[in-house]
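As structure tokens, one chain now follows by itself in the form predicted alone.
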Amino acid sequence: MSADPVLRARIRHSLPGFALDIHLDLGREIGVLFGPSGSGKTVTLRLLAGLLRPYEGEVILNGMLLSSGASGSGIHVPPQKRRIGFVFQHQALFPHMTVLENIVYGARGQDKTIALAEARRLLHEFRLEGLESRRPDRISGGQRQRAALARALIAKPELLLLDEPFSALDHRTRLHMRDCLAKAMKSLGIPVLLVTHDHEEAVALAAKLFIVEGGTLRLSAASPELSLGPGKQRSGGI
């Protein structure tokens, strides 16, 4: 699979008491974003998704300028108009919808019959069969996370952002979800940027590793076979 940059981000952003300065190039591959708590990992995902606008710099996906800072062209494509899937750490499923309705919602704008068939395929793939009619508060945290990932994938995004996507899963299910993600990525042929604190997970999934400290990219490597150090294996933060 080509590793030519599909996503290019040169972004600077400021929050009270915190400054972010990140340069990312990612091809049609899985990138893993590492860093200690408060290093700026989640802020980076939110900037790429369009939930925040960078103070300076730009975000380019498949040659299209999605965001530029105040000093640039003034372009900021809103999140709903970006073909970017975002799986939050806490799933963000709609509580009033069933599992099936949540997944199908991700396919809005697609043919309804095709979308329903794809939703049922994803239900089988992510071991959610039998839960179609349940609402999020009636399933486990791991099941909610799988439903959230299925909803993101059914939209056929051009970029997939994952914030600690497997944190609520037991080890066996986590291994299964890694395989599902790897298969889906190969099928879709899109860049995936994943935040995780799990070194084994990074080694298993990453084609490219980004280490962030204090809001700055300290290391970008094509191989995750690195000693991250105990301080860099903590998760969470800004």
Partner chain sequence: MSWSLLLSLKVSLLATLAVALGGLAAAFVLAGARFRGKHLVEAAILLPMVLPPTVTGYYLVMLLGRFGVIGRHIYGWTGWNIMFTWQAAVVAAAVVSFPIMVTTAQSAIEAVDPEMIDSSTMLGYSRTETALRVILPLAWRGIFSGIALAFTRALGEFGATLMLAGNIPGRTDTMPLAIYSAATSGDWEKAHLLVITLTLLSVCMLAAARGFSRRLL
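Numbering follows the first chain given and starts at 1. Note that the structure is predicted; figures quoted are calculated from it, not measured.
Beyond what is shown, the protein has a form predicted in complex with the partner chain; the following relates to that form.
Using a 4.5 Å cutoff between non-hydrogen atoms, residue 126 does not count as a contact of the partner chain in the model of the complex.
Looking at residue 90, you'd find a heavy atom of it within 4.5 angstroms of the partner chain in the model of the complex. Among residues of the shown chain, residue 194 is not one whose heavy atoms approach the partner chain to within 4.5 Å in the model of the complex.
Although the partner is absent here, residue 133 sits far enough away that none of its heavy atoms falls within 4.5 Å of the partner chain in the model of the complex. Judged by heavy atoms within 4.5 Å of the partner chain in the model of the complex, the contact stretch among the candidates 27-35, 202-210, 179-187, 47-55 is 47-55. Taking the partner chain as it sits in the model of the complex, the stretch 147-166 comes within 4.5 angstroms of it through a non-hydrogen atom at 151, 152, 155.
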